[in-house]
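This text opens with one protein chain seen in two forms, each one given by itself as structure tokens under the names structure 1 and structure 2.
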Structure 1
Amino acid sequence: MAFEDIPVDIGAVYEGQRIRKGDYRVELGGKKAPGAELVRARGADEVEDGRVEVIGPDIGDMEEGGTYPYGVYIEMAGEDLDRDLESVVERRHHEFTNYIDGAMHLNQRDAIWIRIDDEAFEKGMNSLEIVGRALIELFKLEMDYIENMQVTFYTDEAEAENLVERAREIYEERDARARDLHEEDVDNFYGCNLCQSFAPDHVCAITPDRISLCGSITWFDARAAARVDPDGPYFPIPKGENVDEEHGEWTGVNEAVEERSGGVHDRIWLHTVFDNIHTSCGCFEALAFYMPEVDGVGIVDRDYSGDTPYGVSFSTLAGQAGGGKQVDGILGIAVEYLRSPKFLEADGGMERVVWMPEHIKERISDAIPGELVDKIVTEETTIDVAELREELESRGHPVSERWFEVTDELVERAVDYIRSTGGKVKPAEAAEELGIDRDQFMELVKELKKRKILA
């Protein structure tokens, strides 16, 4: 694509580029500075088409290698626009920023992180006004229901923080709207393949009970996007038959995922962290991870920078889970999904959660059953898995009732069974054969490895 007066190339070919530490002129937002993206639908007379404003220091005024706040406020107008499309346009901001050669956009909502590389700066990309003009052209070109658009960037810290606060209130309003609708109430789910430039085999299934992994697209948002832009990244999924209610397996989701992943995946369980789990992209807001030492699930998000009881940080776990893979025991999720009545329903739901950062616990405190609030451990108590086990037992957490002793007799039976299969073991089938549940079998496997019976 050629854009008049834009000093760098623009096109889908640049989506997926990575700008590493040491190669960027400036970075904006991320963990070190406040940032948020917010889109609002307005009346035609409220939007000055093509207007771009920068409030705070511009790229050319920023210290080389520095990190600055980044608020992006987009106002749009059009005859067919309504509020349901705001979050859809907001999410496409990620895609279109990455169309700009030399710009990298990661994450979403109030977790956005932008880098502008040295080469783009040297070519003349020294102002966010250039980024704004490129975004306006891309949005209007790709989404013809947008007739007028203006963009305001906030790099002043106080102004950016004000936008973040306002944006969070609006995010909450959007999310709350979808909480009373459930999978049984609708005929269609929706899919998103926006992240396939980063995760080619990933297809996001969005249902009333499962918001997008990035946390920015509800079922209502996806429905609106698929309606106005049928050739875009959002598409309807006829839900088909519910063949496994506990795990959340729908024939329509399986068919859509198989088609859209090129046959790489053909079976998805929506509400579990084990076996045929939903794939993870790279933009997920948080992760659910299984800890066999306590037979429980931990939760961690991008805002947490320390280690988890799993022994590693969010970024290390994210590297294991992302890319469109099905990695048993590690699942990309949105924090809002923790509020869903179907949250990890097959695994015990919130009663299976044993650890999360304090800030997540505070954020979703109203969604945690009262009897569990004091039983879920945070980093303020421990990040050591042995201490976590002791703490869960002393607090009477429900998972402690699941713990069982690995006897020599059970080890012998397990070894005999594994040998009989030639080493090709499916956890669920093995657990049934041994008379234990699937998670206890995983704990048994760990003991076999500890005893060096299994490699």
Structure 2
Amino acid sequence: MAFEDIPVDIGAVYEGQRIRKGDYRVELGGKKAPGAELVRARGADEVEDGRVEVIGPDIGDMEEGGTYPYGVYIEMAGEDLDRDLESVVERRHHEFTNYIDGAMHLNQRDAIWIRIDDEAFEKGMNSLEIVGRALIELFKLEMDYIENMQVTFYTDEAEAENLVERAREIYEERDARARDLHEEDVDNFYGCNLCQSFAPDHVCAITPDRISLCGSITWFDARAAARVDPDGPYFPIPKGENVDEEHGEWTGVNEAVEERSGGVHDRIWLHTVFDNIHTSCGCFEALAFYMPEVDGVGIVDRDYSGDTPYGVSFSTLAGQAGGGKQVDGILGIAVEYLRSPKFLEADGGMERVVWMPEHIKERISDAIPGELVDKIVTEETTIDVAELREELESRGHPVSERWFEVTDELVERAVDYIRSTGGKVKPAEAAEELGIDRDQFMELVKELKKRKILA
């Protein structure tokens, strides 16, 4: 076996293990000491395969129960490797460290926090070299595009600080690159059909501007995964032609979705909550929902348990959206999608957003244009749609300019029409008759009630 000379067991079964206070030999990184994980792609001659180096005290030299800095610098080489794969590989560091029985890895990037438990230490896990060897083995097994890999651990305070600083720069660089990469810049989008396991008609279209709606898979992730496992759940979607720029309709996406949904869906608009909207499976993090009363879009996520101005909770709304259906007006999204420059582009983007829970607003505040921040209402102000409307009006939210006004002339026509029907009014027919849409008709009914024409 590849892990023969490692004194503890290695495997996915250990992923869930927790090492509690009092059970650990040493603690690395975390809140009390600097720590970071960084993966870099290098030239073949720059990486010595299998090399593990520890700069600073090793586990055996550390004081029992102590906390030490932890910088993990992983260099890899391989013909098919490129910069964009770095973050994908890096993300697995968490999982693979956890595969080691007696090691616990929490958080990511410069917040990593590791514990090595007493038992593992007693079994002989007294050196980070062992951790390094296990990691190299695991990475190479899982990702066959990695040909060479070497790992350097920094437990020396200054050296670790150094790595943390360098890592932060690189994270920022990467994030910037990801931010700057858009649908126009790439040839392929990616699809994910993992959720078909539960929602057989659903296909996720993932683009540089649209993260999967569970929030777990970015375009980079999907690309990397599709590359290593060509017959796996992630597949490239040659994007084809952009037949409808406004809505984000691509011929490639349509074809892929048609094929993979067994013909149930054949037309997808990527950036809208209306009509041919992207399907939603069941594990979307949040929903964007259209509220006709204010002609705006609300956002609600799973962590918000109260009612929305739509009159119902996340659960109820979600119940209407899921299952791989295209439901006009309710769209499953990842919270991260709110940061996308193409976020609901067809509908007016962030300018169309009128309401969201406070915690989301805080989380994405940097992605909301300054002049809009105070215009978007949260549950702290109201969850009542009528109040919301007043609030939007007084805050001068851009949607208020779109509002439909009930004129006296319209009221007259409406009353005539209602009379002519003898009282049996079907909203769709009435709207058509009056030359307005159904939502507007609803506005009208409301106005009629206000004016006491209707009881």
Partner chain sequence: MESRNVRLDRLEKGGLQVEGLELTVGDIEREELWDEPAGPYHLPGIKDLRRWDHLLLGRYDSSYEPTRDVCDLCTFGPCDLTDGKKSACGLDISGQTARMNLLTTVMGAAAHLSHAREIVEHVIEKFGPDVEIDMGSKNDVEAPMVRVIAGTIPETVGDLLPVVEYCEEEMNHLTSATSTMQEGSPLEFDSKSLHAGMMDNLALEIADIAQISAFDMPRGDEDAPLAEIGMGTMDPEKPVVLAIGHNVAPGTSIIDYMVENGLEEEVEVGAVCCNAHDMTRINPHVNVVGALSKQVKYIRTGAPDVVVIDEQCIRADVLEECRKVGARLVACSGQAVHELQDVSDRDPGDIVEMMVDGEDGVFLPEIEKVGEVAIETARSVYEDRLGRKAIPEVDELQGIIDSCTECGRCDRACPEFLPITDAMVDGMEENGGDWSGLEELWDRCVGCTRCDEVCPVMDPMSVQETASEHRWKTERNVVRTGRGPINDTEIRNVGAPIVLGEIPGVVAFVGCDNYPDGGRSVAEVIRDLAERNYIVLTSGCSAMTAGDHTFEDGQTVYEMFDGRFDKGCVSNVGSCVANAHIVDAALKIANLFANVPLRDNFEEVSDYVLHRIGAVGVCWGVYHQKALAIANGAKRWGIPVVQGPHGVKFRRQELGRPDLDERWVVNDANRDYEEVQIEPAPEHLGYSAESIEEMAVMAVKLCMRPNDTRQGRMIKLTNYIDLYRKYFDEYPSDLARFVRHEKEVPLTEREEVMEVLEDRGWEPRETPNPTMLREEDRLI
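Counting starts at 1 with the first residue of structure 1 and goes up one by one along its sequence. None of the values given here were measured: they were computed from a predicted structure. Think of the rigid core as the biggest set of C-alphas that the two forms share within 1.5 Å after superposition.
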(request) Please state whether structure 1 or structure 2 is the form predicted on its own. (result) 1
(message) Using the rigid core as the reference frame, would you say residue 87 shifts its C-alpha by 2 Å or more between structures 1 and 2?
(response) yes
(request) For residue 272, state whether the C-alpha moves by 2 Å or more between structures 1 and 2 after rigid core superposition. (result) no
(message) Tell me whether residue 392 is among the residues that move between structures 1 and 2 (Cα shift of 2 angstroms or more, core superposed).
(response) no
(request) For residue 406, give the CA shift between structures 1 and 2 in Å, the superposition being done on the rigid core. (result) 3.9
